[in-house]
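Quick setup: one chain, the form predicted alone, written in structure tokens, and binding and motion questions come after.
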């Protein structure tokens, strides 16, 4: 069966109960059905010419089928039989459903919009060790005192020596932040070596607990070639840390799965650095929704997922879809904590909670450290903004009547963004 064989078409019904179903946006200068068949063939058992070694038995068991075509909307759906996939191997899955097909001449552009897994495929994946519930438990947040988690990034993102890096983390925690992370390019540079930074920051975490009674989380960025990542994660564990941060796109799915399988008892905070190189072009690549589903299977506990109101692109329906996929309770795997980050500040808290509820980590960098009175005041302003939301108070009225001067100063500097859920 070569590309043009219509046996790859199954528009009148195909049992997809044990198939991975991919929804693609496809544009082509060729006949639309012919191009759809070529995508299905190339990503399963076919090639450009008939080969005698492809038997009828192999085809029936393993050939991908085009189950839906809408040339008006440029949409195709392809079902991939589960037998095509190695168990619990995301690299192999990507090589199959996102391999050569994106570079075929017959396809002008191709975008993987969504993916659905049967239980036979999804079940072997471990998913998060902790997830939303475990993340909140680590911070002492329960059903009786439920709220969003407040986070920050040490700023400037690079350049601070270890002691200053730790001092910025301390000020944020002391002011009321729950979670402090390294920025995505901050790893083990000469000006701030990983081990020195880790030790000093964790000392500050212990000090905050002693002074305030609150437990906090530090996401140490272990991103590196895999052997170094493993050594750094073990060091985090040895030093009494509770979280490792991984730039999951730049390090790759294989590295992520390896780190999750080590089962070190550390939260995995996933940063999506470089994702937009794959996700942003509207008619080519892979959506963040698909990446989020793969990362949930792989076992991240928290994942940067969009903000709508911040500096990063992404409108409400798209971002809400990602949050829903990460928190879908029907999955066997635990729910992933979505992270809102990028251009956020205390005024961002009400619209984010309105859009996404309490199961979110609101991560503000410049919006905390850029407070006119400094990091501690910026952290206090974020904590006050969360309290206003919990009490269902107007944030301006709360800042003025409850004498939260740090919050009022932040609101006057940054404002409160407006959100449209229609876009």
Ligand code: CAP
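Residue numbers count along the first chain shown, from 1. It should be emphasised that the depicted structure is a prediction, and the values quoted were computed from it without experimental measurement.
One more form of this protein should be noted, the form predicted in complex with this ligand, which is absent from this view; the next part is about it.
- Although the partner is absent here, residue 312 is a contact residue: one of its heavy atoms lies within 4.5 angstroms of this ligand in the predicted complex.
- Using a 4.5 angstroms threshold between heavy atoms, residue 321 stays clear of this ligand in the predicted complex.
- Put simply, residue 364 is close to this ligand in the predicted complex: some heavy atom of it is within 4.5 Å.
- By the criterion of a heavy atom within 4.5 Å, residue 221 is excluded from the residues contacting this ligand in the predicted complex.
- Residues placing heavy atoms within 4.5 Å of this ligand in the predicted complex fall in a single listed stretch, namely 365-373, out of 30-38, 51-59, 390-398, 365-373.
- Contact annotation: of the candidates 272, 204, 293, 165, the single residue with a non-hydrogen atom within 4.5 angstroms of this ligand in the predicted complex is 272.
- Checking 334, 155, 260, 200 for any heavy atom within 4.5 Å of this ligand in the predicted complex turns up a single hit: 155.
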